[in-house]
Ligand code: AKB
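For reference, the chain that follows is the form predicted alone, supplied as structure tokens.
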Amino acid sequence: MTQILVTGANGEIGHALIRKLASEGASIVALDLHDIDATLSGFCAESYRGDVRDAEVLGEIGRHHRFSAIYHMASLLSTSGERDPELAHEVNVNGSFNIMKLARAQSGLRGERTKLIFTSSIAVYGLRAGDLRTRPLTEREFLTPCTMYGINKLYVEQMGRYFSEYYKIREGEVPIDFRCLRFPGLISSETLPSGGTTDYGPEMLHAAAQGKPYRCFVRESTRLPFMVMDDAVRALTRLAGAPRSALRHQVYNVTSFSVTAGEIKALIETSFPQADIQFEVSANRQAIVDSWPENVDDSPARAEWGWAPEYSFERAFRDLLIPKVMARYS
């Protein structure tokens, strides 16, 4: 039986993705730096504790399993990456290269392309002072990131294209099928964020639900694209399920709604009127956010594999996020 490998299984996306894949009958193998979360273990056929930088661990996984698809999400996020850029490069680049080697080996063993679904980010963009942030950006412009995380993600995108399209295939070798989503900020009701620069959105919500004060590290007027985790997981599985012949690209933007930090605060306060949310700007983190676009153009994803978000800003919070976090912390 072919299986699906999920790296970074304990992360925000991993939690939601594993549940989604299991609901569709997939046989899932999970990999994370830590023991798999107890809430996920029942959804997985097998789990491994290990580092994507560890070729020995990946070799063991490859010997015991055959993967039709690999969802690669293990990474060190933007703010964490700025604190330790060397570690970020080791995890995000060297680790991803190891996963690509695993995908290449799996393609050869199976005699057909193994899909490698990679989660990238709007951090690959790098706008400068004077650039127009309000225009939705396509996948191929302003690719001059100013964070190690963004640089790492952009490099892995290019590496995926290389091994999918341009690598000189030896006789009998099968290339990988690389597919990549560039996510905006993600908001989940199930898990707390850790180390991302768009984390102020979900952090506001979780703090308000717990009755804790929150100091937002960006300006109230800061606008960025976001989407809820439910839509993010739908996008991943929809892209993975699209026929290769329908895809003209390897890298796709996806987004849902573009809102300011102040608009998120105001909507949260309609359900949590006692919320103590204030703005105390971090110059370093604000500078990172200011290099990212206020919105992205996801028309190729819509045209080629039918992407469309289910949740608008107000529906996301009122019908999904706020009821779930209320239940979580009640």
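Residues carry their position along the shown sequence, with the first being 1. Just so we're clear, the structure is a prediction, and the values are computed from it rather than from any experiment.
Keep in mind that the form predicted together with the named molecule is not shown, yet the notes after this line are about it.
- Of the residues given (Thr255, Gln106, Ser121, Ser96), Ser121 alone sits with a heavy atom within 4.5 Å of the named molecule in the predicted complex.
- Distance criterion of 4.5 Å from any heavy atom to the named molecule in the predicted complex singles out Gly196 from the list Gly196, Pro85, Gly126, Pro175.
- A residue is said to contact a partner when one of its heavy atoms sits within 4.5 Å of a partner heavy atom; Ile151 fails this definition for the named molecule in the predicted complex, lying far away.
- In the predicted complex, Leu77 approaches the named molecule with a heavy atom inside 4.5 Å.
- In summary, the region of this chain contacting the named molecule in the predicted complex, judged by heavy atoms within 4.5 Å and restricted to 196-204, 247-255, 106-114, 229-237, corresponds to 196-204.
- Contact residues in stretch 272-294 (any heavy atom within 4.5 Å of the named molecule, taken in the predicted complex) are limited to Trp292.
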